[in-house]
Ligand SMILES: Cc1cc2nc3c(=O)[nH]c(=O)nc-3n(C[C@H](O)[C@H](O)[C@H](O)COP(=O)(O)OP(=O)(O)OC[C@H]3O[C@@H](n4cnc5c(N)ncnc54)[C@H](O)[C@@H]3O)c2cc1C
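Here we start with a single chain on its own, the form predicted on its own, put down as structure tokens.
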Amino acid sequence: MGKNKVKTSDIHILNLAKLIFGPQAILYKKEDLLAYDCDGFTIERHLPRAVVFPTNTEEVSKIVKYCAENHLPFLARGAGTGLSGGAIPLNNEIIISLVRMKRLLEVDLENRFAVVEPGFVNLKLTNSISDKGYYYAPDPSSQYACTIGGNVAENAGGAHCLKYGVTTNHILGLEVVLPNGDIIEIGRNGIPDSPGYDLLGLLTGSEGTLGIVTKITVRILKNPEAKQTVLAYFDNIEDGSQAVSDIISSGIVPAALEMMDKTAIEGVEAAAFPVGHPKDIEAVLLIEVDGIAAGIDDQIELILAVCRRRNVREVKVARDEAERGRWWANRKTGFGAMGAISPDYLVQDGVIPRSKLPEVLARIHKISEESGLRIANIFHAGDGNLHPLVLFDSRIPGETEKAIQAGSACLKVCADVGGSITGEHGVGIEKKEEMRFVFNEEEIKAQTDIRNVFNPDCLLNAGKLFPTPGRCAEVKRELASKS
């Protein structure tokens, strides 16, 4: 077996290797595990006990049953692009990596659904069916890398969720391995609804705490007949914010309505896909409408008129698909682009009523001044989903803590105006204490009671989603004392 020989000092690693047909499907050396000590939330890091790579549902079930029988904490992981620490192994877990389960199993164009394994990459689904005139709507910024299994766990959204909804609106069926290893199916044959409780809705967005998804039936959509994209520049962020509300109140539901402030614009223009945004501009709106061809031009004219009434400096319509593509590449690299202007950054994710946008941005600006840290703002403005990005330098003592405090303060503002602490990135470990901003103790207990029905021993992804103390925290400490 060469350098991949499994050491026998850990009997569990040896047994897991046997379950999944050899040591080539398991990592256990520290140098190999370092790549799995965090996800896209890099502020906190913990090494797993091992990482296993099943290739099918039956192998996942075997691994889970072994972990359950031997009281070994475990969690599932996809591409690791999550931004809230949901895939970080807090408790020395066995990580069940689903990246080898990456097949497109079925496409049914007549009934408009597809079946994929959890490791199938989001954008690859659209690329696989676009030549047939179809696409998959949820489009998070990381869609070129994130997996659909991870999208189900986080209930991912994306730029076009204003019109088309988030992941839960496109899930028709799931195959799930429960925390005891049992395999269940929820929904089938592309039927969008069935009698009984909405277990699809419950599992989608449960952040890997109720079960491990091993097969997903998703809704696919016919490509729209027409699509046009508008770019608008504003010298005043309040004018841009009001334009967002005016567009929605005019009766138009854009496919996407995105906004970036001056600091965010600085970042995207310094990164891989600059498009020449003016350096002195305060806000940019990216607006897209789609649908049947008849009426698209009228919607565009109305959008242009709204922007002009709100003192737009410049507004233009994409001349062709190439220009539209450049605008979207610029926007979708927004998070990563912060690395071009800051050594480190913390991505936040809150939701507010659209009408509160000017007030919230003013309060975030005040948080920036008080913390001494720059905060860039990128948001799905149409549905009030904000992404404040706190820029900091972890090499400077105390700045990481300041960034965490500033991020929490931004979420408190969102909650205070009637919003929420997450729109699409999940809670994970990053925001679990902030759950108290929107839920009281009784409401939190009701949710943990549901979790404990599925996950009574708290072996699956413990310590995520809900604030401590709680039963999973107690079990976690007990397990830690025994290891």
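Keep in mind that this is a model prediction, so the values were computed, not measured. Quick note: we count residues from 1 along the sequence shown, nothing fancier.
What comes next is about the form predicted in complex with this ligand, which is not displayed.
Asker: Spell out, yes or no, whether the shortest heavy atom distance between residue 91 and this ligand in the predicted bound form is within 4.5 Å.
Answerer: Result no; residue 91 lies far from this ligand in the predicted bound form.
Asker: Just to confirm, residue 141 within 4.5 Å of this ligand in the predicted bound form by heavy atoms?
Answerer: Judged by the heavy-atom cut-off of 4.5 Å, residue 141 is in contact with this ligand in the predicted bound form.
Asker: With a cut-off of 4.5 Å between heavy atoms, is residue 129 one of the residues that contacts this ligand in the predicted bound form?
Answerer: Heavy-atom contact with this ligand at 4.5 Å: absent for residue 129.
Asker: Given that the partner is absent here, does residue 178 sit within 4.5 Å of this ligand in the predicted bound form, heavy atoms only?
Answerer: Contact check for residue 178: no, nothing within 4.5 Å of this ligand in the predicted bound form.
Asker: Three residues, 76, 149 and 207; all within 4.5 Å of this ligand in the predicted bound form via heavy atoms?
Answerer: Verified in the predicted bound form; spot residues all in contact, yes.
Asker: Partner absent here, but in the predicted bound form, which of 281-289, 207-215, 103-111, 233-241 has residues with a heavy atom within 4.5 Å of this ligand?
Answerer: The contacting stretch is 207-215.
Asker: This ligand isn't shown here, but in the predicted bound form which of 364, 303, 378, 83 has a heavy atom within 4.5 Å of it?
Answerer: Exactly one listed residue reaches within 4.5 Å, namely 83.
Asker: Note which of 382, 267, 388, 157 lies within 4.5 Å of this ligand in the predicted bound form, where distance is taken over heavy atoms; exactly one does.
Answerer: After the contact test, the surviving option is 157.
Asker: Quick one: which residues from 447-467 get a non-hydrogen atom within 4.5 Å of this ligand in the predicted bound form?
Answerer: Heavy-atom contacts within 4.5 Å come from 461 alone.
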